[in-house]
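Single chain ahead, written as C-alpha cells, the form predicted on its own.
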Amino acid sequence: MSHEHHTPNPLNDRAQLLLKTLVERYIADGQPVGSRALSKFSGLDLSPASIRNVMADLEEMGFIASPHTSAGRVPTARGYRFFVDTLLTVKPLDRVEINQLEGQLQVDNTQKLVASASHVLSELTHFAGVVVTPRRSSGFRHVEFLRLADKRILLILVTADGDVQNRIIHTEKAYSPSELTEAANFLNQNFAGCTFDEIRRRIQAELRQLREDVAQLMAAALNAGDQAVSEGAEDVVISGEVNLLGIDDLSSNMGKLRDLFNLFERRTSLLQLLDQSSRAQGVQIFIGGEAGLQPLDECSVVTAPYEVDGKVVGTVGVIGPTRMAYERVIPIVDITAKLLSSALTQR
C-alpha cells in the first residue's frame, strides 16, 4: 500500500500491540496516551514498568514522541506509517454507505461526476476531498453550427466524453445556413473521434480543396473547439477544504493553514503529487513529509487511481490531518475510486 521498501519488522508482538493501541487511542481522542491507558486498552497484563520500557524503545526507534506538556506519548509520522503498513485492520464500508455513495454518483456528465466524487469524499470523511479530472481526449463526437447573427455563429460541440460545450465564433463574412450545414457535415463525416491536433494535421491538405471562406470557418471552429474542450477541464476539484479549519491539529497553526490553502489555490504541485499516485496500483498513503510538499507536513493524503475502460485517467483522494481514522478513510477512497470508474465506464 505504501511506496517504500520496508525493513524487516523490528518490533516484537508486545511492542506491536502497544503501538497499535497507542495509535488507535490517539486517533480516537487526540490526547497523548499514558501507560495506564495502554495497559487498560491493550488487554496485556503488564506492569507499568514493562510498559514504560517498551514505550522508551518505541520512542528511541522514532515511532512515538513525548509532547513536553504531558506524560503521555503521541505517534510520529513514522509510527503512523508502520501502523498503516503493518498493524491496520481496514473496516469495510457497510452496504448502506456503499449504496449512498453509488446514489450520489448517478450523474450523466463527466464534470458533474468528478465534482460529486470529490464532494462525497469530503462528506464521508469530514476532510478535504480531491479528484483529478480525467485527462481529456480533446476530440469531439459531433459538431453543429448555428447562425446567431450575420457574423456570429454558435459552435455546439459534443466532446468525446459526451459533455456539450458551446462557443461563439465571430467570422469575417456572413455564412448561409447551407454553408454552415456543409461545414458541420464535413467535420462530422471526416473527423469525428479525432483530437483537434489530429484534425489540424490532416486538414491542411483537405482545406486546399475547400473554398477559401469555408476554410476560414473551419480554422475558426477548430480553435474555438479546442478552447472549449480545454477550458471545460478543471484540473483538480477540491471539496470541503473548510473542514480542515475545524481540525485542532491543523488550525492551531495559522501559518501552516495559510500554506495549505495556498497549495489548494495553486494546485500545480498538488496535481504533481496526485498524478504520481495515479501510476500506482490501488490505495496509496502519504503521511506528513512523505508527500514531499512542505504544506502537507502535518497532513496525510490517501489516494487511489480511477479508470475508464480499464485505462487510468485520474486520481481520487482525501487530505486530512495525520491523526485520521485510516481504517475508515482507506475503504472510502478505495470504493469511491471503483464506483467512479464504473460510473464513467458505463457511459
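This structure is a prediction, so every number in the text was calculated from the model and none was measured. A residue's number is simply how far along the shown sequence it sits, counting from 1. We call the rigid core whatever largest set of C-alpha positions still superposes within 1.5 Å between the two forms.
Keep in mind the form predicted together with the DNA is missing from the figure; the text below concerns it.
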The unique member of 71, 245, 174, 96 whose heavy atoms fall within 4.5 Å of the DNA in the model of the complex: 71
4.5 angstroms heavy atom contact with the DNA in the model of the complex for residue 284: no
Residue 305: touches the DNA in the model of the complex, heavy atom cutoff 4.5 angstroms: no
Partner proximity in the model of the complex: residue 47 to the DNA, non-hydrogen atom cutoff 4.5 Å: yes
Residue contact check: residue 35 to the DNA in the model of the complex, 4.5 Å heavy atom: yes
Partner-facing stretch of 297 to 305, 312 to 320, 275 to 283, 38 to 46, counted where any non-hydrogen atom is within 4.5 angstroms of the DNA in the model of the complex: 38 to 46
Check all three, 14, 52 and 59, heavy atom within 4.5 Å of the DNA in the model of the complex: yes
Core-aligned C-alpha movement of residue 70 between the shown form and the other one, 2 Å or more: yes
Direction of Cα pair change residue 54-residue 69 in the model of the complex, magnitude 3 angstroms or more: closer
